[in-house]
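Read the single chain below, which is given as structure tokens and is the form predicted alone.
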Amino acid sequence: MLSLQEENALIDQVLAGKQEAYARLVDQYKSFAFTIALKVLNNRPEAEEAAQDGFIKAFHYLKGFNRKARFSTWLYRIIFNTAISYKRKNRRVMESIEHHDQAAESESAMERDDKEVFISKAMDHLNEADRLAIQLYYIREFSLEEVAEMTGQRINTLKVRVHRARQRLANELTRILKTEALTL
């Protein structure tokens, strides 16, 4: 991740007309921007398009960026909002995190895979906002302040959302595991 000084230097270069500096910002943040869009849309082509549109919007509005937050946080908020707009436009139901099944050779690898499957199933039962809060805070390890900025929520509201989402996730995991145990 770029430091705050590096971000600001690149932004200054872009604003001075050196558009190739924006390519460095895009290269730095494209992976996570795509991940955010994919989490919202659960459709690779749409996520790619939403992420690209988000970068275009960020470039267009870069003059208005006030630098109160980090560029990355501001960008992720734009990507998130763009993906939500795509979702509303297409009226698709979001699914949870993609998991790729891989062959496991040891019991610990199998257990990890099982955990991922059960967590994925439980995440399917959370609403979109709860799922995103859990993903950004616990999986991507953003601070509560950064997640609040990205999602446009007040910090106290986000704290409550994360706490309740974690409880709902635990309840859903308990229900799924009980059901799974009955089918063995």
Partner chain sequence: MEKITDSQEARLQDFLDGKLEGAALQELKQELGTSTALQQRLEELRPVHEFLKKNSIQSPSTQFVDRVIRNLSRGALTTYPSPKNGLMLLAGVMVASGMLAMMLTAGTFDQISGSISIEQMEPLKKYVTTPSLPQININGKLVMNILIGINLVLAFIVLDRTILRPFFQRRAGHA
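Keep in mind that what you see is a predicted model, and the values were worked out from it rather than measured. Take the two forms, find the largest set of C-alpha atoms that superpose within 1.5 Å, and that set is the rigid core. Numbering follows the first chain given and starts at 1.
A second form of this protein, the form predicted together with the partner chain, is not displayed here; the remarks below concern that form.
In terms of contact with the partner chain in the model of the complex, the residue from K63, R44, R154, K68 that brings a heavy atom within 4.5 Å is R44.
Although the partner is absent here, A129 is not a contact residue: none of its heavy atoms lies within 4.5 angstroms of the partner chain in the model of the complex. Interface residue remark: A16 is not counted as part of the site for the partner chain in the model of the complex, having no heavy atom within 4.5 Å. The partner chain is not shown here, but in the model of the complex it comes within 4.5 Å of a heavy atom of Y86.
Contact check for K30: a heavy atom falls within 4.5 Å of the partner chain in the model of the complex.
Looking at 142 to 174, the residues that come within 4.5 Å of the partner chain in the model of the complex, counting any heavy atom, are K159, V162, H163, R166, Q167, L169, A170, N171, L173, T174. For K63, a C-alpha deviation below 2 angstroms is recorded between this form and the one not shown after rigid-core alignment.
A displacement of 2 angstroms or greater separates the C-alpha positions of N43 between this form and the one not shown, with the rigid core held in common.
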